[in-house]
Ligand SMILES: Cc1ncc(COP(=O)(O)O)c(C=O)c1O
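Presented below, as structure tokens, is a lone chain in the form predicted on its own.
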Amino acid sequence: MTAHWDEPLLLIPGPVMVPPETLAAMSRQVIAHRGDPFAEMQDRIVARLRRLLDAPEEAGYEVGVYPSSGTGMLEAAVAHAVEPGDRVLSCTGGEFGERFAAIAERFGAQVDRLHVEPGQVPDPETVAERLSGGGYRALLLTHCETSTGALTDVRAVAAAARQASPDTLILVDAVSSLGGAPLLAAAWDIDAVASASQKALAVPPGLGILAGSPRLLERAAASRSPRVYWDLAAYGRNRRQRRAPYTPAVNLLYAMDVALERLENEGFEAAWARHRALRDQFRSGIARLGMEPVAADACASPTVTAVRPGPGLEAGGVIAALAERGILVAGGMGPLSGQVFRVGHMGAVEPRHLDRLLAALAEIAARG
């Protein structure tokens, strides 16, 4: 796919560039969400997400698409798993891991944090050791920590966690990884996957995605934590009755339908490989400029990179200089605030976009 966008070049790891055909889909007239055309589109979107997430209906998984941000889906995952007094182990290494932990605390959980330094990821054996004492209702994992660009090996951590504590629910934040890196709910025995539209799927912001296992749904049915809008079981019942449980964001769903069709046509493996190639292109380019990524190669995310600009450069100055050249990137968050700039190389980003960014960075570095 080759597409052309007007300036500026949006490489912020938040809302990413959206292909023209996806934007065009949103311009269609709204359809009634109680009719067959909407039901067919909703079923088609959920079926495609099931394949992407490895969340098959025959295995008892439920998948819902909500008018929501990614944070809403983190809350939804917690609302299905946690009630006051539950012990929760949260792996934190950045702003979004901390956000997941804070949400669980709002639900009255006793949250223990397993903290790693920015750019690092949790070790499976350490997670298993912490869980082996028993009593943990849920484990919270951030697949891609968007604030640092570190990608957790969820498959390995989930396997170790399941062996150490079989009944602990495993909840995964996949907001900035879904579509750009493999995340297989059933194969990896994950209980909840929370994601959103505006990252690697290259859809405008406003749609949240939640997948839940039979184990999660069983826990939710017995939980005292309230759920109305976020209730995944209610979403599934309504969808099977060919209706939505509430007024949906119809035009955003048009965009999601087109984006998922494009992703399936490309092939999931090909899409993951494309994101890895973009990551490698960017990391090689900044290495030549003497700039350093926060995350090591072994845990580098294929969708986002946080960069220390190197001697003689300040992150804020680099961000401003790029903006003057029509290239928008993001600043650091939390402990990395003012120290890094962050680049999203996901969704509809192409190698030529990174070539332009790297050329601009070379010019900025040369001027000091």
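Computed from a prediction, not measured in an experiment: that's the story for all the values here. Residue numbers run from 1 along the displayed sequence.
Omitted from view is the form predicted together with the ligand, to which the following refers.
* Can all three of G70, L74 and S176 be found with a heavy atom no more than 4.5 Å from the ligand in the model of the complex? -> Judged in the model of the complex, G70, L74 and S176 all sit within 4.5 Å of the ligand.
* Asked: Should R283 be counted as a contact of the ligand in the model of the complex, where contact means heavy atoms within 4.5 Å?
  -> Residue-level check for R283: no, no contact with the ligand.
* Even though the ligand is not shown here, does R99 get within 4.5 Å of it in the model of the complex, heavy atoms only? -> Yes - in the model of the complex, heavy atoms of R99 and the ligand come within 4.5 Å of each other.
* Asked: Is there a heavy atom of T142 no more than 4.5 Å from a heavy atom of the ligand in the model of the complex?
  -> It does: once the ligand is placed as it appears in the model of the complex, T142 has a heavy atom within 4.5 Å of it.
* Asked: Applying a 4.5 Å heavy atom distance criterion, does Q198 contact the ligand in the model of the complex?
  -> Yes, contact at 4.5 Å.
* **Listed range touching the ligand, judged in the model of the complex by heavy atoms within 4.5 Å, from 238 to 246, 198 to 206, 290 to 298, 111 to 119** => Among the candidates, contact is made by 198 to 206.
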